[in-house]
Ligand SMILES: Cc1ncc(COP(=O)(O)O)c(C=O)c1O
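Take a look at this one chain, the form predicted alone, written out in structure tokens.
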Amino acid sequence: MPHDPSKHLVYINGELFPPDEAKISVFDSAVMLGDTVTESTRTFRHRPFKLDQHLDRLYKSLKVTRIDPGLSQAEMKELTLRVLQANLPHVPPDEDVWIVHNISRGRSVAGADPTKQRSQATVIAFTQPMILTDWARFYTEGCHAVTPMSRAVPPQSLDARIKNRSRMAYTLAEMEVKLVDPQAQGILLDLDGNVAENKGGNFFIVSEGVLKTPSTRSALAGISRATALELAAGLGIPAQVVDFQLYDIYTADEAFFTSTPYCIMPATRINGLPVSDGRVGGVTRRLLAAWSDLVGMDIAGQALRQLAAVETAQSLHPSNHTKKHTDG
């Protein structure tokens, strides 16, 4: 079972706090405006994966949004590792954590100029248990990928390469996806009908042996996306960065998502139609195996162990999960 997050300390502007004492002002621009850039890194066997690349992307987002964190990238890395080391004693050997950064512009005052930075930036860094149970079955069964009615925010409005906490558009789109299938995973299309991205990841197809993924024009430049392309090159799998539409997914041989927590999530249905024969494909399995080799652990195995532990706990204590509550 994933470990207790209440023991993980949270960094806020130079201090470490227990989670129930980690607070920011209700007037912070994170609350007032959703004016926050973010990064999420994960560990494998307690070691951060591509932390430098995540921090590179964080500092590009900070530059473009004109938020001054008051820390150099090297200082941000040092404090990140300090937070991780402070919390690792609470992490079981076979479990891992998210490492999350949220950085806002600081205090905001309602008025004519929301861009004015009225205080130092708010810098938050924390760890949380890497809970993979919701995705675990997809490694072997594949997920159902569904396109919502809503479209991706066009790059003319907000560049998708800025990783930010203003997630309302993604959340509403995901609600539309869940109306079709509560377990479905969303694929956003752009205004021209090209595949863009998932709410928290990138999308790939395999057609006639070629791996294909959209450009970062309307999609986050994912670290996991880059890793999948690197692994494909190492395996001799040809890859293209190219526009494609729903027709191309419907007729593809394989499809999968990439994202920090699960790395690779196979998709075996798209809007109710099977992808090829409806089973996880060989290229997807090869890439996931190569990723496991890269990080020195069985990625799918970790998720499946978590799921087995949850199911065992439920079978031993069914009353905890079937108890009905009534209003008094």
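We number the residues from 1 along the sequence you see. Being a predicted model, the structure only gives us computed values, none of them experimental.
The form predicted in complex with the ligand exists for this protein as well; it is not shown, and the discussion that follows is about that form.
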Revision key, fill the gap. Note: exactly one of T260, T268, T36, S61 sits with a heavy atom within 4.5 Å of the ligand in the model of the complex, namely T260
**Study point:** Contact residue in the model of the complex, from P129, G193, P154, G200 (heavy atom within 4.5 Å of the ligand)
**Key:** G200
Review point. Is R167 a contact residue for the ligand in the model of the complex, using a 4.5 Å heavy atom cut-off?
Key: yes
Practice item. Indicate whether the ligand has at least one heavy atom within 4.5 Å of a heavy atom of S108 in the model of the complex. Key: no
Review point. Are any of the heavy atoms in S224 no more than 4.5 Å from a heavy atom of the ligand in the model of the complex?
Key: yes
Review point. So, in the model of the complex, is K212 in contact with the ligand at a 4.5 angstroms heavy atom limit?
Key: no
Study note, to complete from the structure: Only one of 280 to 288, 49 to 57, 22 to 30, 297 to 305 sits within 4.5 Å of the ligand in the model of the complex by heavy atom distance, namely 49 to 57
